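A single chain comes next, written as structure tokens; it is the form predicted on its own.
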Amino acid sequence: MTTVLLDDISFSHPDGGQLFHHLHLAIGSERVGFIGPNGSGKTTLFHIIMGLIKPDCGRVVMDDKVVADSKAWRQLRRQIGFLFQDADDQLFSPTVLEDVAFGPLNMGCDGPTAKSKAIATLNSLGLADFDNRITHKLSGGEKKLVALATILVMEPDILLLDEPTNNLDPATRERLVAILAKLNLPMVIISHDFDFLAKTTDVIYSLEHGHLHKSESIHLHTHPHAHVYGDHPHDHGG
């Protein structure tokens, strides 16, 4: 089992505003949700995990080894699938098949093998017959699912999902809930959609003032459902 540890991470903006202060987080044994106000550093934390941003201090550790050189960062990126907040930042090929097959091809698979892996992954997400669709003509929800396919085809050990329900209609949102429920993978999900996190994660943390705070309370609503984690504001939009 792959594990990632953020050890004593601090990070400040160039203007001096501090986002994280000696933050610790272990990833790999459960499904974790992150909530927090805009600007609290949730996406920045993902970028630090992936080595896209260097912290002021602290270290990223994968499988008990410090990730410190380019070879180690490449290995980490092979083992962690990162879903960007905006699917258009992740999709760049003319067709869906080309987008999903790109990762396996880049990792050395021959053309037929990469195509087979891509089609199998699309089928597993209910996207059969999407292979020849023009990527930029897809709906927002379809793009999000195809972007997820580009990650899952690489068979990652851990998923990082940044606001996966952004701009999804209710039906696609529930479809995504069902897809994630079937995946036997640890994951970290950033979302403002509290109910989505309650359905898809084991524990929820709020990121506020540079620190992570675990949410453990139960909040009962007057309408007929309950949240395991309810001490943070949320709504019930699609």
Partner chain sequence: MNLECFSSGSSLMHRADVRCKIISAFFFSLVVALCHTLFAPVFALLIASVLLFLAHLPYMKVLKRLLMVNVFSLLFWLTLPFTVPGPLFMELGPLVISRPGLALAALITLKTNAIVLVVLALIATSGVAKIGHGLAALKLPSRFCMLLLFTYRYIFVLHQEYQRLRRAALLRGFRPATTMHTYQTYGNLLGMTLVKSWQRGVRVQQAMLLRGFQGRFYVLEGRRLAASDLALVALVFLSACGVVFMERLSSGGGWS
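Treat the numbers as computed from the prediction; the structure is a model and nothing was measured. Numbering follows the first chain given and starts at 1.
FYI, the form predicted in complex with the partner chain isn't displayed, but the following is about it.
Chemist: Which listed residue (L168, L91, L127, L159) meets the criterion of a heavy atom within 4.5 Å of the partner chain in the predicted complex?
Modeler: Of the listed residues, the single hit is L91.
Chemist: Please determine whether each residue of T3, I27 and K144 possesses a non-hydrogen atom within 4.5 angstroms of the partner chain in the predicted complex.
Modeler: No, none of the three is in contact.
Chemist: Looking at 30 to 38, 183 to 191, 45 to 53, 201 to 209, which stretch has residues with any non-hydrogen atom within 4.5 Å of the partner chain in the predicted complex?
Modeler: Comparing against the partner chain in the predicted complex, the contact stretch is 45 to 53.
Chemist: I'd like to know if K117 sits close to the partner chain in the predicted complex, meaning any non-hydrogen atom pair within 4.5 angstroms.
Modeler: Contact with the partner chain, no.
Chemist: Is A101 close enough to touch the partner chain in the predicted complex, meaning at least one heavy atom pair within 4.5 Å?
Modeler: Because a heavy atom of A101 falls inside 4.5 Å of the partner chain in the predicted complex, the answer is yes.
Chemist: Does the partner chain come within 4.5 Å of any heavy atom of T150 in the predicted complex?
Modeler: Yes, T150 is a contact residue.
Chemist: Would K71 count as a contact of the partner chain in the predicted complex, using a 4.5 angstroms cut-off between non-hydrogen atoms?
Modeler: Answer no; every heavy atom of K71 is more than 4.5 Å from the partner chain in the predicted complex.
Chemist: Go through 123 to 140 residue by residue and record those having a heavy atom within 4.5 Å of the partner chain in the predicted complex; state none if no residue qualifies.
Modeler: Heavy-atom contacts to the partner chain in the predicted complex: I134, T135, H136, K137.
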